[in-house]
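In structure tokens, one chain follows: the form predicted on its own.
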């Protein structure tokens, strides 16, 4: 039936929880594009037939196929656009380094788009706030305190704090660190915020 594969692509994204990226369905997208190509070729041959022979009974079939083509296109674009919005949100959530599990679900083109978006965002942040720039991805919610207690989930190594001191982040060690300095590590899963 017409447009079933395209609608299934959209349903697949709708079923995925918000904030998660399902695996890129290259096979499904290819099937939609093949269906669109077949519909277009059938329409072209029918249009040529109508022009040469004057068979007006094919016009309704041509219009139906054209509507199916438009719907397939709309569904494919909606699928790709929603994935890009989710990938953009992942940049704000995880920072410039995505976990391997998320990268595995992205196509090569999506990885390229993510890297270009990441560079554009970095250039914009450098243009703000003087010489050092301003990291606008920090403090997505206003902080209640400037320092937080964190527990290290993985061995990370040396971590330098603003005053020049270094802290050794070893697995299961707890530290009291500036929020803005360690928020990125919390997002990456290296540190865990300890709620007292």
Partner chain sequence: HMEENLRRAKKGDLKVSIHRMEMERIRYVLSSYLRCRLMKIEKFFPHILEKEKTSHEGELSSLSPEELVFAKQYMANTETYLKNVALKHMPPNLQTVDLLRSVPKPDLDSYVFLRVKERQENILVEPETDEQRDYVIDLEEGSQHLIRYKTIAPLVASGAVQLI
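Residue numbers count along the first chain shown, from 1. Model, not experiment: these values are computed from the prediction.
If you look for the form predicted together with its partner chain, you will not find it shown, but the lines that follow are about it.
- Within 4.5 Å of any heavy atom of its partner chain in the predicted complex lies no heavy atom of residue 58.
- Its partner chain is not shown here, but in the predicted complex it comes within 4.5 Å of a heavy atom of residue 109.
- Contact annotation: residue 64 falls outside 4.5 Å of its partner chain in the predicted complex, judged by heavy atom distances.
- Heavy atoms of residue 179 reach within 4.5 Å of its partner chain in the predicted complex, making it an interface residue.
- The partner is not drawn, yet in the predicted complex one stretch among 166-174, 47-55, 148-156, 128-136 has residues with heavy atoms inside 4.5 Å of its partner chain: 128-136.
- Within 4.5 Å of its partner chain in the predicted complex, a heavy atom is found for every one of 81, 120 and 143.
- Contact annotation for 81-96: residues with any non-hydrogen atom within 4.5 angstroms of its partner chain in the predicted complex are 81, 84, 85, 88, 92, listed in sequence order.
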